[in-house]
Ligand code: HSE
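The chain below stands alone and is given in structure tokens; this is the form predicted on its own.
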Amino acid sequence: MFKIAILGGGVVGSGVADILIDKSKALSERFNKDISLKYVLDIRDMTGTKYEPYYTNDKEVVFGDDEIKLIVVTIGGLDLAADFCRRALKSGRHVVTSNKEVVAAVGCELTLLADENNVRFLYEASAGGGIPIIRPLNLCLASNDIYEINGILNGTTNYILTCMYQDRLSFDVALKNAQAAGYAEANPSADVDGFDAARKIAILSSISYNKFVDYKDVKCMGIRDVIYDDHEFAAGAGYAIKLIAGSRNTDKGVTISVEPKLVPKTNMLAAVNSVYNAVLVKGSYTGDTLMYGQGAGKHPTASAVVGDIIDVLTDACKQSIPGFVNSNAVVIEDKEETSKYYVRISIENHDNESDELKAATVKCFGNGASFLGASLSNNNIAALITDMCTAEEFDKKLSDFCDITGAKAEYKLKVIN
């Protein structure tokens, strides 16, 4: 007998309940034991819903039931969810969670707690929703030295950026559309300011590099300052704008950030649109590996949760402790790293000075730089892409360019090579 309790009957929790109810017979036959959902704990009354037979609002009923062998934690937030995980693990129950805040903040503690109590702590759904990524990193790609990860890890921001370009919208209008469609919260800060993606890239980096990366060390820049004209300039130059969560493991330490970047249309991530997510992993033997799918949503995320449950059923034995539990990453800013930069500028009488701007672009930023011209909708807005340079060199060259031309730098982004 293997009874399961879900703590949190919201979007993801109810999705997990749906799958367990539908697949209970198949799972029981596959593993030759009674596997079924017993409780859905929630503060909301579920009377009259399909979850009524499983509903309880008393956590003590759940924790006091010896039949419960695995607890799914799908409530949001940090403190209460973390406490539920701790209590479940200490009581000798396996824990599966989709809560990225918990994993990013106290994942090391919970992993050790699971080890001490001979149970499993799994969190596939915490980074990438329905995309299988954590298990492939731990198993399928384990023979590789993973040295770089770049991903689109937030469906809300990808939806907003896609709509801005395809429908010629401002950020504010695209955000309102995302909220109306249920993709963005009333307070969208976690998504649009990059904090959600920061937690996810920290989790993936910790697993990949065998060193704990604290999400609070992730440099974040959101998408609030992107305007439609930026998409127009980028597309004309052969790029798409995406919020990229990326990290790289070097001899000196780990570089990690979340920021909008220009992605070449030849790059696989450039074609990832709407609410879809993707993770591009670079390994010593495999080269580039792309995992793609729905990064959020009720049933895609619930599917990843149930995948972890099946993992426990397949092998409930004690697992080896991952390397990141015992070693902290040194997060650095690589001042020697070179990149191209996109710059949006404002300047009056732009048409009359285009030759001067072209010449100044090459003079200041190198022969590989290109002046992209003026916006079709506003002649006072123009853009350029620099040649390769360090951040320090870029700042100096941009200052020189503005002094020569009288232009004002409005916005700047890195360009993926």
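Note that this is a predicted model, so its numbers are computed, not measured. So that there is no doubt, residue numbering starts at 1 and follows the sequence shown.
What comes next is about the form predicted in complex with L-homoserine, which is not displayed.
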Just to confirm, residue 196 within 4.5 Å of L-homoserine in the predicted bound form by heavy atoms? yes
Using 4.5 Å between non-hydrogen atoms, is residue 200 touching L-homoserine in the predicted bound form? yes
Are any of the heavy atoms in residue 295 no more than 4.5 Å from a heavy atom of L-homoserine in the predicted bound form? yes
Closest heavy atom of residue 124 to L-homoserine in the predicted bound form, within 4.5 Å or not? no
Heavy atoms within 4.5 Å of L-homoserine in the predicted bound form: which stretch in 213-221, 116-124, 152-160, 280-288 meets that? 152-160
Counting non-hydrogen atoms within 4.5 angstroms of L-homoserine in the predicted bound form, say which of 93, 344, 100, 340 makes the cut. 100
